[in-house]
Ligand SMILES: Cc1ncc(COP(=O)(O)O)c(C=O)c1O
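First comes one chain, alone, set out as structure tokens in the form predicted alone.
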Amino acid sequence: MIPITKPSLDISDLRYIKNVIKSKILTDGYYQKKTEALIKKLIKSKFVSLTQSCTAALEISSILINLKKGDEVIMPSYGFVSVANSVVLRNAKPVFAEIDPKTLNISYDDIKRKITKKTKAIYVIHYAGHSCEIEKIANLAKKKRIYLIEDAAHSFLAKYKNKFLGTIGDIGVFSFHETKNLVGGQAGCISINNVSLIERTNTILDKGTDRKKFLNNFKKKIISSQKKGFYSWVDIGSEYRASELTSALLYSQVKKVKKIQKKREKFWNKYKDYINKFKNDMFYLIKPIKNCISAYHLFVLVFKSLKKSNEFKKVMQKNGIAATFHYVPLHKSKMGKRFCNYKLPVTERIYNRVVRLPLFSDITDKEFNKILNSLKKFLIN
């Protein structure tokens, strides 16, 4: 089976992992700092810290903005569960919004409709590596004095106009999970763009302690006897930081990001050009909006009928090609129903007609031609 995605790993990635093992420094080390500095420079962020996962970064974001019982947080129902969990864990209420059928990103118009006096934040997802209407949403959030958090799990190095996604809102989060363009295992990253939140971030990342003020040299794991005082518990937090092994793998990946992204873009455009050759009215392609530079994370089709969508998945999988659905709307889930008793007609109408096709940088020509030939047979039958 040709999978939906596969990490781009080779022998070069071992070099940095071997360095970590040789150093015997497995936490808060050289590669953690080196990778954070590299990403910060790449995306032009005010602050970057590696986390164990994007889920961890989302949880940090909800602590940073002081979510509490009675607060409402607007988010797309069509998205991954970690966004909702990060809000519910703080006893706040998720308010699920519609998506734009052309992009599967959160609907700006529905955000406007759902803002109330209780709205504390808006969480957006940049689906498939393409920007949502981030400029309009950011302006609205600023006007209403609402926090804006960007879930850019799909969108590392994607841009809207001249700004990197994840650096436009107050906070941005990224994923380097095994399924993403760049991988660190189950790694993530948080970008703080609101300077007033930076100091507290370091405390939350470090189990709620002020240890960083005392231990800021990764080679020195002991507090100097000349320093006054000791680090202690000053806030809530957890063990959110990425390990040194994870950081080393991610460092290797970021060093070759241009090569990885160029290949993904090439295959994404090949798919698009091939589909455009056919006069097809069975489905449409999810594409970047104007002024967006995509991260080309997913290749997504939306079928016009559920029957055709199911037929297509069945045919492709029979031919050894992983063609599959994506998210089940959060508001329709067992947990989601605890917070939502309203319908989202657009989301409900579309989600089960979404089909993803394999997209990863190391697809071989043989594999890609097999996918295109199977696609052609389906389209002309």
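Computed from a prediction, not measured in an experiment: that's the story for all the values here. Residue numbers here begin at 1 and follow the sequence given.
The same protein also has a form predicted together with this ligand, omitted here; what follows describes it.
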Contact assignment for this ligand in the predicted bound form, among K180, R264, H130, K120, heavy atom within 4.5 Å: K180
Proximity to this ligand in the predicted bound form, single hit among F47, Y327, Y30, F339 (heavy atom within 4.5 Å): Y327
Residue stretch of 64 to 72, 311 to 319, 48 to 56, 339 to 347 approaching this ligand in the predicted bound form, non-hydrogen atom distance within 4.5 Å: 48 to 56
Y284, heavy atom within 4.5 angstroms of this ligand in the predicted bound form: no
4.5 Å heavy atom contact, S175 and this ligand in the predicted bound form: yes
This ligand contact in the predicted bound form: E244, any heavy atom under 4.5 Å: no
Residue contact check: A97 to this ligand in the predicted bound form, 4.5 Å heavy atom: no
Sequence-ordered list of residues in 143 to 170 near this ligand in the predicted bound form, where near means a heavy atom within 4.5 Å: D151, A153, H154
